[in-house]
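The data below hold one chain only, encoded as structure tokens and taken in the form predicted alone.
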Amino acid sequence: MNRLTGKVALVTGAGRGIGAAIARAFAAEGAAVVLAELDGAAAEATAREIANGVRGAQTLAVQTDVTQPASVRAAVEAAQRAFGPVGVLVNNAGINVFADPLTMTDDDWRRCFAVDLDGVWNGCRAVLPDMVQRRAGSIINIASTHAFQIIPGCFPYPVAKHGVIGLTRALGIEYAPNNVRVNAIAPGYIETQLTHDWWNAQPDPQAARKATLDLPPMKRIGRPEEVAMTAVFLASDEAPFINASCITIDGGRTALHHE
């Protein structure tokens, strides 16, 4: 339970879902964790939950808008003041924007890329100078299986997630000589509150749930904690030679041939 002892980690979108699971797992493994979240109340609640559930946990909630570079820099500076240099960054914050390409508004396009791609870049740009100077750091970008397989009706979300993979690989290669690793995790269907909300919005929620669970070969979908386990591994000293790579967590869904 000490795989991240001595490390300072900043997780964006850490108020709920995958981000909260990663923050919880990092704290359990000994990291000081900064929860950078647009919804400040959600970040505070998750930070309290972690502090109550993990003995000796060090947490800090910071209201952060990843679309604004200054806001991200402020979160990094708050982390440095509280705990020291940020050694691990998880760019998890993201939104779903699904639209018809020809009827989608310019605002929808900009909103998708502002959060899902620019937000990742803003996080990387905020921590890289110090990581490069210290010659140490791990950046983990949460991508998606949408970066590999296109599902009709989901535009422009997969375009942004393709960009996240490109950014991950480019930065990983650029800063490899400085011992800074940049990797991605591509989750498939994960059982978060957003997933439940989508099921409940369908005409037949139970049928929608069953259809989703039938998709992966394992006949279930992932749990946020399963994504968090991989993030812990990439953040730890157990993955020193993994760089510019992407780990897919989808129960084999993207490997399955579809008739």
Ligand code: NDP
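Predicted, not measured: the structure shown is a model, and the values here were computed from it. All residue numbers refer to positions in the sequence shown, first residue = 1.
The protein also exists as the form predicted in complex with the named molecule; that form is not presented, and the subsequent description refers to it.
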property	result
Y157: touches the named molecule in the model of the complex, heavy atom cutoff 4.5 angstroms	yes
Partner proximity in the model of the complex: K161 to the named molecule, non-hydrogen atom cutoff 4.5 Å	yes
4.5 angstroms heavy atom contact with the named molecule in the model of the complex for A9	no
4.5 Å heavy atom contact, E44 to the named molecule in the model of the complex	no
Proximity to the named molecule in the model of the complex (heavy atom, within 4.5 Å), stretch among 78-86, 128-136, 180-188, 148-156	180-188
Interface residue in the model of the complex among L38, V232, L60, A28, criterion: non-hydrogen atom within 4.5 angstroms of the named molecule	L38
Interface residue in the model of the complex among C112, A93, L171, I140, criterion: non-hydrogen atom within 4.5 angstroms of the named molecule	A93
Members of 43-60 lying within 4.5 angstroms of the named molecule, judged by heavy atom, in the model of the complex	none
